[in-house]
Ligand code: SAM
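Here you get one chain, nothing else, as structure tokens; it is the form predicted on its own.
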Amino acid sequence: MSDSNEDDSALPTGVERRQFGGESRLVTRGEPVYGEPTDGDWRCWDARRSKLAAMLEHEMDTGLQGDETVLYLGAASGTTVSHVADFSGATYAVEFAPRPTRDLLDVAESRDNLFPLLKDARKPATYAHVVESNVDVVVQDVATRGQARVACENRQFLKDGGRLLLAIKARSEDVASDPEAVFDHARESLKEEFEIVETRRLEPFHTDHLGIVAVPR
């Protein structure tokens, strides 16, 4: 591996671009989690396995600077949230399914700032007593119907001026509908609680996904 000459000034502190096998890749510094390529303490952050990494690859205006307090909704087994915890402050990881939560607990063992929560992101009242108020960032990757509604219901945790970084999966909303129609409906639903800063399709990394950056109204 060699350092890349690419400008990474738009990336949060703790995230860099480096060359692996002649390809520029995002990297964070932390314990490996999912068999990702590593060199020393650096581990590749695979945008094909992470919607947030895809948003960074597309240079979306995430507002991430590093050391933020993060509420991560839909943490699964910890692929993306492990990278987030590598460069963030306190990171609350909400996951509904018990099996991936067990893997998430293993990921958290080497990350003192990562707090797994076996909870349903559609029911924020069940973890409101644990998650501190006024978090800097809400990251959401929840494969369920009503993804925009989930974001609106979790608005309560986000500080004024904070950021919502949301990945909408069209097929989780309606497998039969045109993805653009699904995305339009999600944008309209978000406007109840958020002002949208930027949207972008996440191809080629993720098919029929829309990345959304928004701020609370």
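When you see a residue number, it is the position in the sequence shown, counting from 1. It should be emphasised that the depicted structure is a prediction, and the values quoted were computed from it without experimental measurement.
The form predicted together with this ligand exists for this protein as well; it is not shown, and the discussion that follows is about that form.
J.: Identify whether this ligand in the model of the complex is within 4.5 Å of every residue in the set E95, R122 and T144, based on non-hydrogen atoms.
T.: Yes.
J.: Even though this ligand is not shown here, does V131 get within 4.5 Å of it in the model of the complex, heavy atoms only?
T.: Judged by the heavy-atom cut-off of 4.5 Å, V131 is well away from this ligand in the model of the complex.
J.: Does any part of A108 reach within 4.5 Å of this ligand in the model of the complex? Heavy atoms only, please.
T.: Heavy-atom contact with this ligand at 4.5 Å: absent for A108.
J.: Even though this ligand is not shown here, does T80 get within 4.5 Å of it in the model of the complex, heavy atoms only?
T.: Yes, T80 is a contact residue.
J.: Evaluate G74 for contact with this ligand in the model of the complex, applying a 4.5 angstroms cut-off between non-hydrogen atoms, and reply yes or no.
T.: Heavy-atom contact with this ligand at 4.5 Å: present for G74.
J.: Only one of R49, R171, K191, K159 gets a heavy atom within 4.5 Å of this ligand in the model of the complex. Which one?
T.: Residue within 4.5 Å of the partner: R49.
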